[in-house]
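Next up: just one chain, as structure tokens, the form predicted on its own.
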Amino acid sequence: MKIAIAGYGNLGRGVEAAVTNAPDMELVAIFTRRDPASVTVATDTPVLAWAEMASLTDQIDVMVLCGGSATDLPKQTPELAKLFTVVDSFDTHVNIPTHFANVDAAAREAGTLGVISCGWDPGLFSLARLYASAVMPDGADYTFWGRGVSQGHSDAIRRIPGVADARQYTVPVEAAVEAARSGENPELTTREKHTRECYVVAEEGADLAAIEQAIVTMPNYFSDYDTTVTFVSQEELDANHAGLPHGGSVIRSGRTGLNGEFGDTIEFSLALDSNPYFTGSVLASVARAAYRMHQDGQVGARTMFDIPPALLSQLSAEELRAHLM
């Protein structure tokens, strides 16, 4: 499978590593909006200008998009779906239906396939919620993220005028986690479940009050959370916040039995040293499935809900039955 990457930041590096390590894939190009000569990659993959994509449609089976959800992917995924089968990690949950519709229209017109919102949430956590609610419909879901760095939220802060760099940590409230595990199905508000910590490097002369206000009032990202903003130097950010760990859990508690007499809890959790490298590995597995689905004649938009699990794996159906059932 001939795979290409659109955008080479932290996530692009993660996809590069995952595809390079996949025996059934070949990474044929990395596309950048920067000067290709200024981009140093970890492999010997050619780095090409964004404008060169259109001339290489016959050489690429799947384009993996590695831009941000705030401003990149809403435009890039529908546009590139006109040229390629695409996979993205769009993670603004509230806007997924609109993004899906836009990608679906573009992909159907072009005869391509677009799998959106692939990662661990949305993505693997979405599947965990689906499986848990399907087998235990009488119950309640709770999703907790962190403590870890959110790439999408950090990117959203960096787009604010006057911000030079930023890291945003999502922090679960421990009392809320324990309440979810208790089986009592508490009603928890968004604000009760998580806090957000932002470490921001401001440009020289920037209005710090305006930056803080823009962060804490940003809809879909920070306005529904207790958010703290701490301004630091670039040196402090590099020294104390260079890593990109993350993780979290999906918990569903509910009742089974003829009269709901049994209490049950399902929990799926992740602990990640590197959010982008793990997410890149998810995207690579979805690229494998997207290739197979498109080869089978499928077009339009899809999510991970629509992928038969076996299509994600390098293993054959026989190997899966023998080793993983």
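Keep in mind that what you see is a predicted model, and the values were worked out from it rather than measured. The numbering used is simple: start at 1 and walk along the sequence shown.
FYI, the form predicted in complex with another copy of the chain isn't displayed, but the following is about it.
- Though another copy of the chain is absent from this view, in the predicted complex it lies within 4.5 Å of a heavy atom of just one residue from 210, 239, 135, 164, which is 135.
- This chain is displayed alone, yet in the predicted complex one of 43, 57, 38, 295 has a heavy atom within 4.5 Å of another copy of the chain; that residue is 43.
- Here the chain stands alone, but in the predicted complex its contact with another copy of the chain, taken as any heavy atom within 4.5 Å, falls in 276-284 among 48-56, 28-36, 276-284, 65-73.
- At a distance threshold of 4.5 angstroms between non-hydrogen atoms, residue 219 is out of contact with another copy of the chain in the predicted complex.
- Another copy of the chain in the predicted complex comes within 4.5 Å of a heavy atom belonging to residue 97.
- Using a 4.5 Å cutoff between non-hydrogen atoms, residue 226 does not count as a contact of another copy of the chain in the predicted complex.
- Taking the partner from the other structure, another copy of the chain in the predicted complex has no heavy atom within 4.5 Å of any heavy atom of residue 300.
- Using a 4.5 Å cut-off on any heavy atom, the residues of 293-325 that reach another copy of the chain in the predicted complex are, in sequence order, 303, 304, 305, 306, 307, 308, 309, 310, 312, 313, 314, 320, 321, 322, 324, 325.
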